[in-house]
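Encoded as structure tokens, the following chain is the form predicted alone, with no partner shown.
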């Protein structure tokens, strides 16, 4: 199995590398999403990106990536702005973005069969269609995210555990929230164009949820989540190549199964300790 996979590497190396890098990058950012209980926000940002693709195709505005990423960043920043002002309507805004983007994406493409097919391909998975440029972009973003987590690990943990205490300690919570939201929107928007919505959303939330159930504290989640994402992506690529399965869907299925196992481990730990 491994030998056959390695033989296919020269043909699909860009797709493999993009999937691995996206898995690690989105898993890292997903810790912030899950740690702040904003899983639904990740879905809303993903749908905003799909709306960007639909609008770009309908209006013929050139490369769909530009508008897709712009809308995903805007969707993420909309809740960050509400958090900065201390508002309590973040869930309402998130629901509005998700439902509005989902419905509008279909409506604007009602009379465009070609565009609808393009959006459907984004909604599924396109792991093997990555370019060298996309691989470099994700490599740089993953490196930046990793260095940022190492440099500001304690501040990020404090921000997740107690934003009020973080503010009292001198952290600009509003600015931190804005930067995190913009990073999530940018990474999510780019990943969806390269790997598909299912893979991007799955890697954003599932490894972090697994890490939260396996870890007793927030800190280790920044290690467990990307490790889980990396192992799951590599395993999924190997199995998909060996048994001719769609790689994106298989990777998400593996992560979903691991989350069920993590729930079982957490419940067992609670029973033993209780």
Partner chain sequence: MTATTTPPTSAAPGPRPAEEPRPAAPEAPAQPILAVENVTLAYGRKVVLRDVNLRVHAGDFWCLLGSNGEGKSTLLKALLGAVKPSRGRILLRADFARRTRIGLVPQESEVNTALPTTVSELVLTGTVGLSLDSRSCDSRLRRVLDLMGLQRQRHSNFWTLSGGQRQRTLVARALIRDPLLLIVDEPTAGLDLAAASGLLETITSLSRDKGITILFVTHDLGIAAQRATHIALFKSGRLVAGPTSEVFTPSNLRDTFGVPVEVLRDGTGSVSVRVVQKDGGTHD
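Numbering follows the first chain given and starts at 1. In this text the structure is predicted, and so the values were computed from the model without any measurement.
The same protein has a further form, the form predicted in complex with the partner chain, not shown here; the description that follows concerns it.
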Three residues, 139, 141 and 205; all within 4.5 Å of the partner chain in the model of the complex via heavy atoms?
no
For the partner chain in the model of the complex, the stretch among 149-157, 90-98, 131-139, 187-195 with residues bearing a heavy atom within 4.5 Å is 149-157
Of 240, 43, 234, 218, the only residue with a heavy atom within 4.5 Å of the partner chain in the model of the complex is 218
Contact with the partner chain in the model of the complex, heavy atom within 4.5 Å, among 109, 145, 74, 171 goes to 171
Quiz item: Is there a non-hydrogen atom of residue 175 within 4.5 angstroms of a non-hydrogen atom of the partner chain in the model of the complex?
Solution: no
- Is the gap between residue 37 and the partner chain in the model of the complex 4.5 Å or less for some heavy atom pair? yes
### Task
Tell me, yes or no, whether residue 179 is in contact with the partner chain in the model of the complex, where a contact means a heavy atom of each within 4.5 Å.
no
TODO: Flag residue 103 as yes or no: does it have a non-hydrogen atom within 4.5 angstroms of any non-hydrogen atom of the partner chain in the model of the complex?
DONE: no
Taking the partner chain in the model of the complex and a 4.5 Å non-hydrogen atom cutoff, the residues of 161-175 making contact are 161, 162, 164, 165, 167, 168, 169, 170, 171
